[in-house]
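One chain comes next, on its own, written as structure tokens: the form predicted alone.
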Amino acid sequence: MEIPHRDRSDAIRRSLCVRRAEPRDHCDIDALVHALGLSYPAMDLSCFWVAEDTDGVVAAAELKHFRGCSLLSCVGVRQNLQGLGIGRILVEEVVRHAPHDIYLYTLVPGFFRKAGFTDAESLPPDLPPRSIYGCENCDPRLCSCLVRLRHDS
């Protein structure tokens, strides 16, 4: 018998732990971001956060800090667990720990807008360009730069 979606979602969220990644998580993170097509040449495994449940790492997000901003990237949830609220929980916890306004480049702006991100009107000078992601040839109409301002900024 299959567990109803709502009950499964509640059970997973109750068992979820979001934390900074440790070296022992690097293989799992690498496998997850590659499986989801999120890896890029400048990715730094030491900057990741993970969400784990009893089965191990189920989601990951990279948060890099610069002088005047933070950059969120590689946000992904295992495909079989997408739609259960794990990504939202992970993003909220990571954002809570960011020391600056958080910027991101994304092809799925709707998800991040629901998490309080808005279109970036201007970009801070420290923010790395989209080109670090190896997507210089992508269609910029599909890629949005969003920001979530810290309440104290």
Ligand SMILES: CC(C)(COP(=O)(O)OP(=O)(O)OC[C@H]1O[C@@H](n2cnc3c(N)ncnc32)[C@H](O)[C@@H]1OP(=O)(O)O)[C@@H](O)C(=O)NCCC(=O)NCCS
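If you're wondering where the values come from, they're calculated on a predicted model, not measured in any experiment. From 1 onward, residues are counted along the sequence shown.
If you look for the form predicted together with the ligand, you will not find it shown, but the lines that follow are about it.
- Among 84, 29, 51, 102, the residue placing a heavy atom within 4.5 Å of the ligand in the predicted bound form is 84.
- Interface residue among 96, 114, 34, 65, judged by heavy atoms within 4.5 Å of the ligand in the predicted bound form: 114.
- For residue 38, a non-hydrogen atom is located within 4.5 Å of the ligand in the predicted bound form, even though that partner is not displayed.
- Residue contact with the ligand in the predicted bound form: residue 123 places no heavy atom within 4.5 Å of it.
- Shown alone here, residue 75 lies within 4.5 Å of the ligand in the predicted bound form, counting heavy atoms only.
- Under a 4.5 angstroms non-hydrogen atom cutoff, the ligand in the predicted bound form lacks residue 42 among its neighbouring residues.
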